[in-house]
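There is one chain below, alone, in C-alpha cells, taken in the form predicted alone.
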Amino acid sequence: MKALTVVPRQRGTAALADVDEPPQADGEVLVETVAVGICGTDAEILSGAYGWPPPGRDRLVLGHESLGRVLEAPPGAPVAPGDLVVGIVRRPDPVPCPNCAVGEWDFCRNGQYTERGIKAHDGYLSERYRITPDFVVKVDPSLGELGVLLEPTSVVAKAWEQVERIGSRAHWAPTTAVVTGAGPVGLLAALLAVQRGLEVHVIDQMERGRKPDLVRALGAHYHTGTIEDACPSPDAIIECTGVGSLVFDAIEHVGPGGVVCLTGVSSGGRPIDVDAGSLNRSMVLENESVVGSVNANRRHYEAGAAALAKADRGWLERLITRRVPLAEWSTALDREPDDVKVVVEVGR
C-alpha cells in the first residue's frame, strides 16, 4: 500500500512509497484512510525540525489529523465496518505515569508517550491502518469528509474544558471571549465559544477574505487590532497563534477573574520587553489565570465530535480550502493567502 513517509530530523526525505500492510500488533480494527488534514506540526516534521521514528526504524509514516472508514472490527467494538472514524493521536506511556494510568494521557508526566504520525508511532497518511478499539472515535456519518476536522476540534474542546474548570473555582458566568488567530484552531475555538452562547471576538491580520467572512458567518466579531480595542476585559481568551506579543497582550488584558488558555506554540528567539511587575500585580490582585493546553484524550475527541455534529455543514465545508490527491501531497504545503485547512485525499 502507499504511504507518505519521512526520516524525522532530516529535511527533504519525505517520499510517497510502497509499505507493508499495517501490522496486527497495531490493533484489531482495520481502517481505510479517506483523508488526512495537514497542519503546522506536519510542516515542522517535513522541514526536519521535529519528529521521531518508531523504534528500530529510520522512517515515520506521517499524518495525525485523520478520517477513515472501518473495514474490519471485532465483535463488541464501539465501531463497525462502514463507520466513519478518527484515530486518536496520543498513546499513554508504558510505565504508566499516574495520568496515563487513568486515561489522561494528554497530561503525561514522564514524556514517554507516543503519538501517531509524530512521535515513535506511524501515522495515518497511508491507504490503510490498524488501531485498537479504545483509540478510535466514530463521527456522525452526515459529516462525511468534514470529519477530518475532528482532531483540531478535540484540541479546542480540551482548551475550553480547561478554561471552564479553572473559571468554576468561583462563581463563573462568562459572557465574552476573545480568540487570537483565525487559522483552523482559532476558528474552531470560536465555533465552540459561539455554541456556548458567548459573545465572541476573533483577532487576526487579514483585513478581508475567507477568514473574516467565516468569523462573521458564525455571528462573531472580527478584528485586526488589539485585544483592548476589540473587547475590553473579556472573561476568557483562547490564544491560538503562539506569537509572543499576543500572548502577553492576552495576559495583560483578560478581565478580572478571567482565564487565558495558550494553545499556540511559540518558536522562541524573539525577545519582548515586558513589565513583569505590573503584569504580576494585575494577575494577583484580579485573580487571573493562565493555562497551557496541548493534545487531547478520548473525552475531548468525543466532545469535539458532538460539537461538529451540531455545527452548520456549510460553514464547516468552507474551512477546507483545498483538497489535494495523495499523489500530489507536496502541494498541500504550498500556503496560499486564503488557506485555512488543506486536506490530502487518500481514499473514497
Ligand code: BGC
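What you see is a predicted model, and the numbers here were worked out from it, not measured in a lab. Position 1 is the first residue in the sequence shown; the rest follow in order.
What comes next is about the form predicted in complex with the named molecule, which does not appear here.
Within 4.5 Å of some heavy atom of the named molecule in the model of the complex lies at least one heavy atom of E151. Mapping the unseen interface onto this chain, C39 counts among the residues with a heavy atom inside 4.5 Å of the named molecule in the model of the complex. For I237, no non-hydrogen atom is located within 4.5 Å of the named molecule in the model of the complex, even though that partner is not displayed. Contact annotation for V89: at least one heavy atom lies within 4.5 Å of the named molecule in the model of the complex. You can rule out all but one of 39 to 47, 66 to 74, 305 to 313, 53 to 61: in the model of the complex, only 39 to 47 has residues with a heavy atom within 4.5 Å of the named molecule.
Among E115, E145, D204, E104, the residue placing a heavy atom within 4.5 Å of the named molecule in the model of the complex is E115. Distance criterion of 4.5 Å from any heavy atom to the named molecule in the model of the complex singles out V155 from the list L192, V259, V137, V155. Residues of 277 to 308 placing a heavy atom within 4.5 Å of the named molecule in the model of the complex, in sequence order: V294, N295.
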